[in-house]
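Only one chain is shown below, in structure tokens, and it's the form predicted alone.
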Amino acid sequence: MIVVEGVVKRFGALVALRGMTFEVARGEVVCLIGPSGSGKSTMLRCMNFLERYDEGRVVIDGETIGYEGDGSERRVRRAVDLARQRRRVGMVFQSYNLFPHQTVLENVLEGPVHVLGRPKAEARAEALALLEKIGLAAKAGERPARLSGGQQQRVAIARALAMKPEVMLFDEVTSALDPELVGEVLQAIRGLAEEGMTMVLVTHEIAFAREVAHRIIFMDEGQIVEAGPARELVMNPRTVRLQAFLRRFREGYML
């Protein structure tokens, strides 16, 4: 479903991604882990072209994201094509980015009605069903300010799903939450995994990655250090670098 091939991303003299190459099968859940500054979030942003990558390619379901043509003929796609591609790839960030002046239901309806042009009654029924699935149907008429952080993040997930994406990307969606709110967001993501949604997650929730992901990719300094089946990689890391990284999580997270 996803092919990342030789992706390089530079910010001036800084090389943030150094030839990233991996694949994600349809219905697979892959977690990117690693220290801060290792390029995880940059990789995710390149996958839906919020960041332009300098070399390599990202292909989703057979279509190169962000560019058309090859080699010296490669050029950035037209804005209308970029918008169409981004609709196929849902993304949820650390910050919820909900519209504060709109209700929960209106936030979820915004994309289907105003971007996809769906009939409002039809989109409303689907939005309410999504809110029911994440346990927030009773909050449909509330403004975001009246919700907890965990509830707002679940609304952000519902809003992304309302666009009917083929792939979901999650960028450290629990990092801004109080510990007691993390579980409710992870449960919503777990439900998507059980339904077969293709997902790539940047996360520091190692125990969650071990249980829910099919594979884990450990990144450091913009490249893949180690990758493999989730449980095997966490329980039996091969590289010294990953062993040192995971040692910080063993107490309280993995016992």
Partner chain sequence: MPEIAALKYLPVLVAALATTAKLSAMVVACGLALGVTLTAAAHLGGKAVALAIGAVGYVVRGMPLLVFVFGVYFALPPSFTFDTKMLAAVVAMSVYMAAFVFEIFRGAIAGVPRGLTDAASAIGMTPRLAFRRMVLPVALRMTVAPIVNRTVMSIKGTSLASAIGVWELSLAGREIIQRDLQPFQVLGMIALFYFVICWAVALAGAAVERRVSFEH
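Owing to the predicted nature of the structure, the values given are computational and were not obtained by experimental measurement. Numbering follows the first chain given and starts at 1.
Heads up, the form predicted together with the partner chain isn't pictured, but that's what we're talking about next.
Using heavy atoms only and a 4.5 Å cut-off, decide whether all three of Q94, A123 and Q153 touch the partner chain in the model of the complex. Result no, not one residue of the spot touches the partner chain.
Which one of these stretches, 112-120, 131-139, 177-185, 67-75, sits within 4.5 Å of the partner chain in the model of the complex when only heavy atoms are counted? Correct option: 112-120.
V104 within 4.5 Å of the partner chain in the model of the complex, heavy atoms: No - in the model of the complex, heavy atoms of V104 and the partner chain never come within 4.5 Å of each other.
Since only the chain is shown here, I'm wondering whether V89 would be in contact with the partner chain in the model of the complex (any heavy atom pair within 4.5 Å). V89: contacts the partner chain in the model of the complex.
Taking the shortest heavy atom distance, is S38 within 4.5 Å of the partner chain in the model of the complex? Outside the cut-off, so no.
My question is simply whether R45 lines the interface with the partner chain in the model of the complex - judged by any non-hydrogen atom within 4.5 Å. R45: contacts the partner chain in the model of the complex.
Quick one: name the residues from 144-164 with any non-hydrogen atom within 4.5 angstroms of the partner chain in the model of the complex. A145, R146, R159, M163, in sequence order.
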